[in-house]
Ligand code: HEC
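Just the one chain here, the form predicted on its own, laid out as structure tokens.
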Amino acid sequence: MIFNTALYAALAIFSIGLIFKVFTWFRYSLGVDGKDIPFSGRVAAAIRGVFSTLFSSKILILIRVFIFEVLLQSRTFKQSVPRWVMHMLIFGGFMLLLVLHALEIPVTSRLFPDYASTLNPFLLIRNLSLAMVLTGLGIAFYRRHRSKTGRLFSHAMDHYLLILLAVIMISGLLLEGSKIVSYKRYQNMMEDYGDVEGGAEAKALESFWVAKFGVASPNVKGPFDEATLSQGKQLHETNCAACHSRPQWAFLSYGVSRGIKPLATVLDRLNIPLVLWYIHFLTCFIGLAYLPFSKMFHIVTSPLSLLVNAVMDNERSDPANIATRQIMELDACTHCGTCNERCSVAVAFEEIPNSNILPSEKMAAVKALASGKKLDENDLKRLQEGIYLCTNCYRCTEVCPVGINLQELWFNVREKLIQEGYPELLTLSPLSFYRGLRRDRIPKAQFRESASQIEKAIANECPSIDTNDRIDKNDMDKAFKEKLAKSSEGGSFVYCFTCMTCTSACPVCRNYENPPEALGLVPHQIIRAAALGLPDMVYRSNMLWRCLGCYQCQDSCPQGVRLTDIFYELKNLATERLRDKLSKP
């Protein structure tokens, strides 16, 4: 009764969790994809996409991906053979245990009419599967906790899952070992299935099971004579052999049984095998119920991610399906850390203590952002810094073993943050160049809005100075000049004699009929203001923020002033000033 109740409860929770997860795929979105598409429209688009794929030549692609990338995990093999061995041990062992043990009634017993859990080859395969899982988990634990890169992290959920899997596996192992030596179980088996008369026959069969099957009997003790064992063997072959192979084939369980045999009588008296049975199956049910809410849900979503990404294209696929796929990919992440190890900007983590710089560590915050949770100011700043430090090198996407398009994800997270109205200083840096390359996917007003937010914030922090007024010595900032002159590029401003060659060469200035009116200061004036130590005047100039970084001014300068490099230095100083202001309580 308790077993059935727990099973139905676990299945109900699992079903509710699964429905909720799938619902979120169609409800949430990030960035520019699917923002204005209703829930019903995204569901309809997904259905159309599934049918159009299944009834087209793309079905061959799905078959290929399922065999090589899902079952054989070829992506992981290409990256690291040891990691592939680890994954195949866990994946292969877990699937065998699922089919041959957890689903033995609805699946295995129907496929094999003579199936019995105590019969070979099932007895051997089940222990071999358990050994595979335990070996794989051991490699995973060693890899994660002995990593020399410092880029693999374990979260609370990782520990919960490890403990849950350990309880399931160890309780199952102890249960099978205790059943091998249990005399009470032997008696129940004889009562239910044995056709043996009492007296000498019963003693002979029991002697055979004590000698050959490891049963701990309180009645008979070895050594036994050959005649007794021969008679017991004949009775065994008549009554038991059809359902029982030698327990030595279960090499793990039999080893455990040898260890606990001295305590077998006590364990039987305390009914420990039944206790272990409840622990094992109830833990399995807890794991089943917890599955949709844990990272282990990737056993469902990771294959789905590989299949979906194989037949979808960002240029031709329905935007609604792209938005749905991206939210689904958040659940597909296995937190394996492969992307961290290949990330080109991960070295920054050694100097900047922000784990969101690393791709896999951003995923938790991205999930919270996508679901509409309100991130506190500190978490938001950390996520923004991690997202905008990305160099858009595509390495994380190329090596992801479950096919997540991480580069596209970071792009949409950037846009999501901008839509939410969170200003980010790094949108003004060269690191936002990738966003400019993809501006065709961003509404025009939204594309410009991000930079405007920062320019206004900087302007608000800089007192206005009329360029037509006489410059007051009190406005000059000696410390500003010293900061700018620290680098050889920034210090080259001292060679400028305001010949205006840079302004004449600037394509931004040529875009306006009256550049000073539109831009405030033009290039040669910015260099002159910097030389005078007037940061407020420089930072408020539109020219500084409209600069294309094309280096035409720098290439044209007869004095070798590093104008474009100086502009980058000035932008960094401006954003540093604003960052310091924003970080103060």
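Residue positions are given as counts along the sequence shown, with the first one as 1. This one's a predicted model, so the numbers in the text were calculated from it and none came from an experiment.
Another form, the form predicted together with heme C (HEC), is not on view; read the next lines as being about it.
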Heavy atoms within 4.5 Å of heme C (HEC) in the predicted complex: which of the stretches 312 to 320, 208 to 216, 131 to 139, 373 to 381 has them? 208 to 216
Can Cys240 be called a contact residue for heme C (HEC) in the predicted complex at 4.5 Å between heavy atoms? yes
Would Leu71 count as a contact of heme C (HEC) in the predicted complex, using a 4.5 angstroms cut-off between non-hydrogen atoms? no
Is there a non-hydrogen atom of Thr283 within 4.5 angstroms of a non-hydrogen atom of heme C (HEC) in the predicted complex? no
Partner contact for Thr118 in the predicted complex: heme C (HEC), 4.5 angstroms, heavy atom: yes
Report the residue, out of Met189, Leu161, Met95, Val300, that has at least one non-hydrogen atom within 4.5 angstroms of heme C (HEC) in the predicted complex. Met189
Considering heme C (HEC) in the predicted complex, which of Lys261, Lys233, Lys203, Arg185 comes within 4.5 Å of it through any heavy atom? Arg185
Under the 4.5 Å heavy atom criterion, name the residues of 249 to 265 that approach heme C (HEC) in the predicted complex, in sequence order. none
